[in-house]
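The chain below stands alone, shown as structure tokens; this is the form predicted alone.
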């Protein structure tokens, strides 16, 4: 068992069960024993891999999408930002792809939102960062061109099981031998889930991300007031239904309650909650594969492939398939964008 397990077990023994959100926050961001605060989790040697680590093509077409929105909105001076930038791979590809867009780099200061000190160091080594923020609400009040790829899936969630017109929260307590285990609270009405009574029945489980509305609202307020675009790319769907909590260690699923702090914890994003939270306009939810194809990723793949042979070519073809094919990331991951009233949506997306 990890040291963090012992800390959480002692807390539960003294004060009672904790919410899943409390557990995830400690497991991921405990200042000494948290998953993100103690390691670089990305890549083949880590526990998971994200789209930018699969191929440079992903960041290149995303960058040109943001640059086109900047051009469409009159080339404003403002901010280029990323939430949860990992090693900085996505932003490095965005900057390289947009280097030939006249005025783009000069007009936009680079700001990152990152909680992990390990990943902050990796980002600083490869990106010309203007400022790094702990939270999105300290981003400047200015035109904001932002990307969030696999950021919201890592935010702590709460889970609720319907019981009549009330809800029982899924909590974490202890077994007789001090192992962490799931249980349910008493049933009670919950105003924030009143809208889910129409599409659920007794026993159904829904998830709620407490931090998501505030973060989306902050981003949406800046875009509604000053202009810009936010591309949110993650796995999930419109509305939450069922238990989507998962833990990954060494690219394989593990029990999320075993050895807290040693595995990545994520859950599917409820994109309906994103749409409900933003004061800006938002686009139709679109599968990642469709979005990337509309942006021209296949043409870019063909250009790169013309200079490749052998194993490099095979790996390149596999990367393209992984990003776009419906049986891989193409349908599992979705894209929604925030944009100002009176402007056209970003390329590849529909209002």
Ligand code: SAH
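Residue numbers count along the first chain shown, from 1. Source: prediction; values computed, not measured.
Heads up, the form predicted in complex with S-adenosyl-L-homocysteine (SAH) isn't pictured, but that's what we're talking about next.
Only one of 304, 319, 285, 29 gets a heavy atom within 4.5 Å of S-adenosyl-L-homocysteine (SAH) in the model of the complex. Which one?
Result of the distance check: 29.
Among 68, 38, 56, 50, which has any heavy atom within 4.5 Å of S-adenosyl-L-homocysteine (SAH) in the model of the complex?
Exactly one listed residue reaches within 4.5 Å, namely 50.
Of the listed stretches (93-101, 69-77, 106-114, 277-285), which one has a non-hydrogen atom within 4.5 Å of S-adenosyl-L-homocysteine (SAH) in the model of the complex?
Within 4.5 Å of the partner lies stretch 106-114.
Residue 261 versus S-adenosyl-L-homocysteine (SAH), in the model of the complex: is there a non-hydrogen atom within 4.5 Å?
Judged by the heavy-atom cut-off of 4.5 Å, residue 261 is well away from S-adenosyl-L-homocysteine (SAH) in the model of the complex.
Under a 4.5 Å heavy atom criterion, is residue 150 part of the interface with S-adenosyl-L-homocysteine (SAH) in the model of the complex?
Yes, contact at 4.5 Å.
Residue-level contact is defined here as any heavy atom of the residue lying within 4.5 Å of S-adenosyl-L-homocysteine (SAH) in the model of the complex; does residue 85 satisfy this criterion?
Contact check for residue 85: yes, within 4.5 Å of S-adenosyl-L-homocysteine (SAH) in the model of the complex.
Evaluate residue 119 for contact with S-adenosyl-L-homocysteine (SAH) in the model of the complex, applying a 4.5 angstroms cut-off between non-hydrogen atoms, and reply yes or no.
Because a heavy atom of residue 119 falls inside 4.5 Å of S-adenosyl-L-homocysteine (SAH) in the model of the complex, the answer is yes.
Are there residues in 151-181 with a heavy atom within 4.5 Å of S-adenosyl-L-homocysteine (SAH) in the model of the complex, and which are they, in order?
151, 154, 155, in sequence order.
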